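A lone chain, given as structure tokens: the form predicted on its own.
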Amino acid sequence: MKLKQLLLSSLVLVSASAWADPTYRLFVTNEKSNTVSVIDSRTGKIETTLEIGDRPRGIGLSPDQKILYVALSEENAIGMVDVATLEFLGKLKAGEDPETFDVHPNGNLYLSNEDDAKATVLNPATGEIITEIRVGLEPEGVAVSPKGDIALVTSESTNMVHVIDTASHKVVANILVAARPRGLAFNSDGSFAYVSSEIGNELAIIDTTTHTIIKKVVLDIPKSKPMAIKISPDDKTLYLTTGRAAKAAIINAETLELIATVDVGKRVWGAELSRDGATLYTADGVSNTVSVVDTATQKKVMTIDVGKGPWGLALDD
């Protein structure tokens, strides 16, 4: 009964005042340890480590912040954890090799199935796979718009961003971008989306009304392999992880001008931003650490040891 109630509650659109009290837990997937590190974000201390399943990568929270979802790539499944109690709630079938996902405002998960060239739409309340959508080769990044009307999926080997209408579950546009697109993020009203291209070392802005690229830049950062994107609450600043460059880039979200870089760990991959925009967290995949960056001072203020191969982050704040 508890699992059913939690899952059903995550389908309801709720206001901030209706959320459960935050735990301030930062969750980190460690793909080589098959674990999730649970960190108290207020202190930087590890609370516990969860044995979660084979090759955890993508990670996210239900709309009401009550359930943690983890993509278990080697198990073709999504693992679920109660955010408050850390109780393991079970696994759901999620198609072939789910790598990453985003959560729709209605609670459904939109997943990339890397080995299957598909995006899967999963209803976690029922465990039903609603549909599978054919996209390009090696789908990776996924982002659902704030209003939930579209979902974007990057395909690494096709070098495209696919625009999916979430009402019809049809691909309505394919946008050619630089080589090996990875990360995606929307601004707060969904009018623009950002995409990073790892091999092309490029960052681009997409107009989500016209489905066209309106600005793009090649990053002037040695060894940069851009990946995860986070946008500040005021939409003015973009934070980007740069892979082998071992830096977090701070970028003007309108002009794409590079403002600063912050040294973090090796092969910096996933990222998370606190709700108030004051703190950036990065998953440093080769260093086996999480870096904590104060966005006001643009300085790293803490390094936290986690498991092997940290990949993704989610913060309950």
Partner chain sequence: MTKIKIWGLALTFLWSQSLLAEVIDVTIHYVGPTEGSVWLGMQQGMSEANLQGEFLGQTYTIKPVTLDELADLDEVTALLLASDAETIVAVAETEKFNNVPVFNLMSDEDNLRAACLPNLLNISISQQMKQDALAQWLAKHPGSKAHVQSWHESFRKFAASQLNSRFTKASGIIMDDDSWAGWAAVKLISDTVARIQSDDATKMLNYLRNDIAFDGQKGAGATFRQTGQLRQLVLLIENNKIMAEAPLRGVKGGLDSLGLLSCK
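Only a predicted model underlies this, so the values are computations on that prediction, with no experimental measurement involved. Numbering follows the first chain given and starts at 1.
Form predicted in complex with its partner chain: not shown, discussed below.
- By the 4.5 Å heavy atom rule, the three marked residues 114, 162 and 170 all count as contacting its partner chain in the model of the complex.
- Proximity of residue 176 to its partner chain in the model of the complex: non-hydrogen atoms within 4.5 Å are present.
- Contact check for residue 123: every heavy atom lies farther than 4.5 Å from its partner chain in the model of the complex.
- Put simply, residue 102 is far from its partner chain in the model of the complex: not one heavy atom of it is within 4.5 Å.
- With a 4.5 Å cutoff on heavy atoms, residue 134 counts as touching its partner chain in the model of the complex.
- The partner is not drawn, yet in the model of the complex one stretch among 103-111, 228-236, 153-161, 87-95 has residues with heavy atoms inside 4.5 Å of its partner chain: 153-161.
- This chain appears without its partner; in the model of the complex, the one residue of 217, 199, 77, 129 with a heavy atom within 4.5 Å of its partner chain is 199.
- Contacts to its partner chain in the model of the complex (heavy atom within 4.5 Å) from stretch 232-271: 244 only.
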